[in-house]
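This document starts with one chain, in the form predicted on its own, laid out as structure tokens.
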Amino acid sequence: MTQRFVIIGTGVAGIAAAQAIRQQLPQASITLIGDEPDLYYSRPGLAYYLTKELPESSLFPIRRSALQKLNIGIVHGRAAQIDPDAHRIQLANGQNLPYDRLLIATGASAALPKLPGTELEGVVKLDNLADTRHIIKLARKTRTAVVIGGGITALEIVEGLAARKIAVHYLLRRDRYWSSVLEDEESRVIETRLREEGVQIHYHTQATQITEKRGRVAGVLMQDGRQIPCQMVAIAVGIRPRLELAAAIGLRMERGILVNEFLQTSQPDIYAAGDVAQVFDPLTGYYNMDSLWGPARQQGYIAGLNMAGGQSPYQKLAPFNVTRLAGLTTTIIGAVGNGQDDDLVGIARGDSETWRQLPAAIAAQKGFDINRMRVMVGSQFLIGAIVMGDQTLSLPLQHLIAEKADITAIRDDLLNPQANLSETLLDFWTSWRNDYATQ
């Protein structure tokens, strides 16, 4: 009999899984279920659509017709219930779909705080393409907006609204932007650039209520009694994985659906990948979650291979995220936050090193007015790095951190304030890469 594979979710993890299954099993039946009307698009690209740098048409790396050519069925609808004993999924419209193996790749939704007024017209989030279109529509009649949230998504909204000539008030609960990841100087660079775009930043500020007039946003009341009149409030305070289907059938869960290194859940014929998956890492013995595009795609692909009969373990790589903060391309690799070991040393270098003048042997994005790098140096390995602006060093650092290159030979040079950090790293990278290629 033809094997039947069903994938709940049409995001990057679900699409990657479908492609992997089709590569292994040309005759298998593959069905994608999703209630996203636009099917599959680039979630990271939404920020650039909001700032008018990308047209909407550029958000679609794979068209529906391409999936149909791969003989991948698409069911537009919501999966309401899984029956693991009968190997069947019931849709919200009552339709039933049988499966032999199932992937749950339902992703995550933007979290909303317990704040009076979040149900008002004019309160927005940046969760999907429909949200982005809604923001763009409202922006045409918006003069002033308030943005609440301290991470990348909040900043994406701030920049998108500022690019549309809206007066933006940005509320931060603490004394600087993204303090859990960035150092003080890095936060200040971002904040200065935002102010240059006309953004007004409010520190140590929490909203207590979104006020209304005739069912629409009228302003934001803050804990110190001040009120900011506005027509739009954007909220980006984190995400929550969509776990309802998994919880209803009793899959093992903690923060997400617990899966082994092969992406299998506690039900052997059910797999999970992407934002909902909490994946076992044999090297550490812990279950980890990721909410980045790259890991979701890799997990989906590995899950698909294993659903098709393979035994490919998912190997968690060092976190790697290329984003843009206040117009400044920023690469974040590995561990760079505040939870540091005693033997972990942070080394920062800025424009004084002018690594823009280094040999152009590595593809890089140049021409920034600000360039800054921070490297977290452990006793034997590089633990993490942030590269802001010119990206010449981002690729070498990614490989050195991911492959746990032994930097013992250059550690003293890295710690020497008089040494040229960029040249030291590039020379080491060149030598290490040649040795690695001959192994």
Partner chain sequence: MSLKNLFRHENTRRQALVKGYVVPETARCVQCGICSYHCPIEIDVRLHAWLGQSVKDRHCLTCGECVARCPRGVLSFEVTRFFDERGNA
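Residue numbers count along the first chain shown, from 1. In this text the structure is predicted, and so the values were computed from the model without any measurement.
What comes next is about the form predicted in complex with the partner chain, which is not displayed.
Contact flag, residue 395 vs the partner chain in the predicted complex, heavy atom cut 4.5 Å: Close contact exists here: in the predicted complex, residue 395 approaches the partner chain to within 4.5 Å, heavy atoms only.
Exercise: residue 297 in contact with the partner chain in the predicted complex, heavy atom 4.5 Å: Residue 297: yes, in contact with the partner chain in the predicted complex.
Non-hydrogen atom contact residue 29 with the partner chain in the predicted complex at 4.5 angstroms: No, residue 29 sits far enough from the partner chain in the predicted complex that none of its heavy atoms falls within 4.5 Å.
Residue contact check: residue 58 to the partner chain in the predicted complex, 4.5 Å heavy atom: Yes, residue 58 lies within 4.5 Å of the partner chain in the predicted complex.
Residue among 128, 329, 267, 260 with a heavy atom within 4.5 Å of the partner chain in the predicted complex: Checked against the cut-off, the match is 329.
Of 406, 36, 403, 53, the one that lies within 4.5 Å of the partner chain in the predicted complex (heavy atoms): After the contact test, the surviving option is 53.
Contact stretch among 320-328, 143-151, 180-188, 110-118 - heavy atom within 4.5 Å of the partner chain in the predicted complex: That would be 320-328.
Candidate spot 5, 106 and 314, all three touching the partner chain in the predicted complex (heavy atom, 4.5 Å): No, because 5, 106 and 314 lack any heavy atom that approaches the partner chain to within 4.5 Å in the predicted complex.
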